[in-house]
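There is one chain below, alone, in structure tokens, taken in the form predicted alone.
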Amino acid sequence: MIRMNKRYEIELIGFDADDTLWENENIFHDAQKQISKVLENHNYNFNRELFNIEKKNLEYYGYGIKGFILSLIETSLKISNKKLDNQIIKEILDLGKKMLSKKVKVLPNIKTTLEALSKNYNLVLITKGDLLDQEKKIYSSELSKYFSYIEIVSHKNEKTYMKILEKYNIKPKNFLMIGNSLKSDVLPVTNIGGMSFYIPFELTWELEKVEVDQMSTNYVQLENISEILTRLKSLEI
């Protein structure tokens, strides 16, 4: 984790959305569990097969519920040897619609923290996923008023972050990213010279898990979002 012997001048703070500002992964977890029970009589490891198919399909569908549902159907067809009952396909499609219409549940202390931060910093929301779905969640959350900028991207990697920082004329050393994913919110930012606050969520998607040496990476792990204000003061003093 970061050594606190260096003064940081933060000019822009980025926030991840899903599982940082509002709940998300538990919706996928519950849906996956529901369909796996329907197919439990088939002699396959459903979760392993779904993981492999989702990983392969990312280049076609990207991130989000729609791609997840298509991968669920493909996985179900595979483990049923292409003999999937039409009713199960309908159940999966209905499940997708239910997921897409689910009310956004903002996490505790988010609004008060964003309100306080927005008085002294420019905030940017950086989220990846389906454009329509992410726009709906941002609108429903009623959090957009705290952000100076909103970026919905296909991937979160070094190139993406550099492009965003160049757009707003911010040097990496003056950028702080806050999120729940080491893979998407921490490593790409620290690799370009920025820093990150890592706030783990109770569930992590398998494709977001990474092995990392915490002592050699420029980030701070927090227990919850309410610690941000205190941590910022210690960084900038």
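The first residue of the shown sequence is 1; numbering continues from there. Just so we're clear, the structure is a prediction, and the values are computed from it rather than from any experiment.
Beyond what is shown, the protein has a form predicted together with another copy of the chain; the following relates to that form.
The candidate site formed by Ile73, Lys90 and Ile152 is fully in contact with another copy of the chain in the model of the complex, as each residue has a non-hydrogen atom within 4.5 angstroms of it. Using a 4.5 angstroms threshold between heavy atoms, Lys136 counts as touching another copy of the chain in the model of the complex. Looking at Phe201, you'd find every heavy atom of it more than 4.5 angstroms from another copy of the chain in the model of the complex. Under a 4.5 angstroms non-hydrogen atom cutoff, another copy of the chain in the model of the complex lacks Pro172 among its neighbouring residues. Remark: Lys183 does not count among the residues lining another copy of the chain in the model of the complex, judged by a heavy atom distance of 4.5 Å or less.
The candidate stretches are 103 to 111, 154 to 162, 118 to 126, 140 to 148, and the one lying within 4.5 Å of another copy of the chain in the model of the complex by heavy atoms is 154 to 162. Of the listed positions (Leu58, Ile27, Val38, Leu207), a single one reaches within 4.5 angstroms of another copy of the chain by any non-hydrogen atom in the model of the complex, namely Leu58.
Using a 4.5 Å cut-off on any heavy atom, the residues of 61 to 78 that reach another copy of the chain in the model of the complex are, in sequence order, Tyr61, Gly62, Tyr63, Lys66, Gly67, Ile69, Leu70, Ile73, Glu74, Leu77.
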